[in-house]
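First comes one chain, alone, set out as structure tokens in the form predicted on its own.
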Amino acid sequence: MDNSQTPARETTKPFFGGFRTFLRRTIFFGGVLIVNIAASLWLTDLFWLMGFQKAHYPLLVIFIILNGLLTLGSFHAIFGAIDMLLGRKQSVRISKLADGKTGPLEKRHAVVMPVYNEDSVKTCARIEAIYRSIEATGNLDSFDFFILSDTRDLNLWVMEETSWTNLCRQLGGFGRIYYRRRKTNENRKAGNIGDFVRTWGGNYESMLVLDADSLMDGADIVKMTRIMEAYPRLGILQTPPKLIRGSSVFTRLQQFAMRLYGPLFIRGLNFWQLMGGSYWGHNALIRVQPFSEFCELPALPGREPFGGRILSHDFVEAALMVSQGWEVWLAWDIEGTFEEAPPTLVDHLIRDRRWCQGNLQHMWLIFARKLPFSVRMHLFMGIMAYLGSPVWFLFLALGTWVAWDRARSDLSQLPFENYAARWFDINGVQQSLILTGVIFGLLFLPKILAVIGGLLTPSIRRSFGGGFRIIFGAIFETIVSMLLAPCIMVAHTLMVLSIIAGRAVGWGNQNRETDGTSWGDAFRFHAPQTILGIAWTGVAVTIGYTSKNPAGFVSKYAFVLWMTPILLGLLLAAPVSVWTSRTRYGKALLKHKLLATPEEISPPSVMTLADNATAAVDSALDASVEGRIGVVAAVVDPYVNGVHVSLLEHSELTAADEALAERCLSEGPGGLSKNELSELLYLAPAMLMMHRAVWLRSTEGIHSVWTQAVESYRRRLDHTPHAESN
């Protein structure tokens, strides 16, 4: 690789000074620490008043962890709000390096989209929209596009080829839009990107890494490349993608919450991470040279799930980049960056299973030598995103144990004088209520700040459809999220336990569209939550029933009332999962602009381009026709066969290849194993031989799959306008 950037990086002044970075991080994390210590001492004092029992000690340790995480999250929103109040000029904004810059780009850049068993028409539509959007800026000549396929479904492979060919033909994109499929998908997405970097990366200054559901505005992409060209110290420029196209209630809730509350957290994150940011795996611009030099992922010691190949590669790649002195920034003010979300709670949790294993693997790295503070914090937050659930579960279980023990032991509050009573003249109940109030304040403060900001800012208020819709959406989202949270907590806990037990996750394709979760699937998938909810409710009611001290219904059953949000969430896991998965309810909400986002009320131009994109669709070259789908089309359809064969490497037809092709002709594609069929699809002479055979040989000895497909193609020809006119 070319090392010409290294001297430029070393002679370039840092965008943000080291002392000011230290000061910001000290203020932020110092504040988190102070609040957590104060809350923990307050609870310790309360336990002292109650009289310590065995369960209180682990309960206190867990509280310190959980309250620390809660405070950390809340502080992101608080500092984000402060950053917003100070104004755009006072905020640290790496993108200002591109302000006022025009003219052609100086270097070449790549747009890369890894795909794995995706709908090729839709992925090509996103490429088409990005292509046209960049073209509108007049900078298209500085970009090449790569569709990097790891697709294992053979029919989808052929469809990708036809969609790509149609796309290039109609956009004039041959020589600018490339398609490549790997024979083996070693190391999954990270390996896919790594293969691109090794093969073509040297031709480009940077690469914009997308997911199959990513969409980005061309002007913002050009802006990002200008920043990359202007600032040689920059290694990765991450954007905060917005969720779009949510049709079910579940996805609409997610995209509304991320759109309304997200900017606070993003600004708060940028407040302290600065040049030590993280990479989220997509919608980010990466400088190719340092990525190639330093971001080759090592295999972890041992076997999966904790060892082996690193699943969540993005955090680690950013860590390696930062540890080598390259800066990773979050471009919080890049607006035209979008992605889609899993459509249902079940799909969301299936995806989380993979992320959970990947993040827990980072425990190997968090204590590695020479890692900067910001990198360790990102790894820690990623780990606790999943490890937090079993900790919460343990906290609630220990709380139940304490309540059970107190009810059974018939003890009343012990007559100890504690610090809260001495200094503030309050009793134990008041002390408990104050602590509860602080915790709930930390929990809901981000939402409250976001709603207030939305209501007081006319442009934000209008973009969400008005003040009423912001308030309704926030209340609605909060209620449903409270119902979903216990279900997710138990699911994450089971994921962690399953990983600890040594059960590794595979690499499945992501479901991006569905018409809802069936009742059977919901009850089967959420059976652990439902059973646990019934058992836990029984225990909670029993605690109240056996409690002897409190008088009155509310006092007697205070514990079960306190646990009601958790228990309801568990008991209603399946119904809530089904209801939130239904697109008809989501569409009904959208019809009244409820849970609407600014992108739905006023769609950005690149979304409109993607909606109208049809370049990948052409009936003349189509491998998705019933009876001639994928592999069958690649053999029978002359055009599809021609495209497929033209993309293969040259080879000679051996006797073994011919025998395999003859078997496929006589037994049909179903008569071959997947590996055999895959190997056959790579043999250009065999594919041509099969194509000639199905058209020229008698039907005897040819499997009906081929003869019926040939007949289907003939009927198509008979119904073309040309044939009718003859």
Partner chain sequence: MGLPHHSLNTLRPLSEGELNEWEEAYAAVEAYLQALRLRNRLLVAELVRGILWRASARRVNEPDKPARFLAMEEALSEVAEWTQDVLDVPLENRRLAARGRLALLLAGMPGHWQGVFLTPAPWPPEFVDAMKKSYLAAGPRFAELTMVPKPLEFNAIGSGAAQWWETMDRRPIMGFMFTGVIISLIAVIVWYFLLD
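Numbering follows the first chain given and starts at 1. No experiment lies behind these values; they were computed from the predicted model shown.
FYI, the form predicted together with the partner chain isn't displayed, but the following is about it.
- This chain appears without its partner; in the predicted bound form, the one residue of 520, 458, 565, 298 with a heavy atom within 4.5 Å of the partner chain is 298.
- This chain appears without its partner; in the predicted bound form, the one residue of 302, 441, 603, 138 with a heavy atom within 4.5 Å of the partner chain is 302.
- Residue 649 belongs to the set of residues with a heavy atom inside 4.5 Å of the partner chain in the predicted bound form.
- Of the heavy atoms in residue 293, some are within 4.5 Å of the partner chain in the predicted bound form.
- Looking at residue 373, you'd find every heavy atom of it more than 4.5 angstroms from the partner chain in the predicted bound form.
- A residue is said to contact a partner when one of its heavy atoms sits within 4.5 Å of a partner heavy atom; residue 47 fails this definition for the partner chain in the predicted bound form, lying far away.
- Judged by heavy atoms within 4.5 Å of the partner chain in the predicted bound form, the contact stretch among the candidates 197-205, 123-131, 586-594, 98-106 is 197-205.
- Of all the residues from 147-165, those having a non-hydrogen atom no more than 4.5 Å from the partner chain in the predicted bound form are 164, 165.
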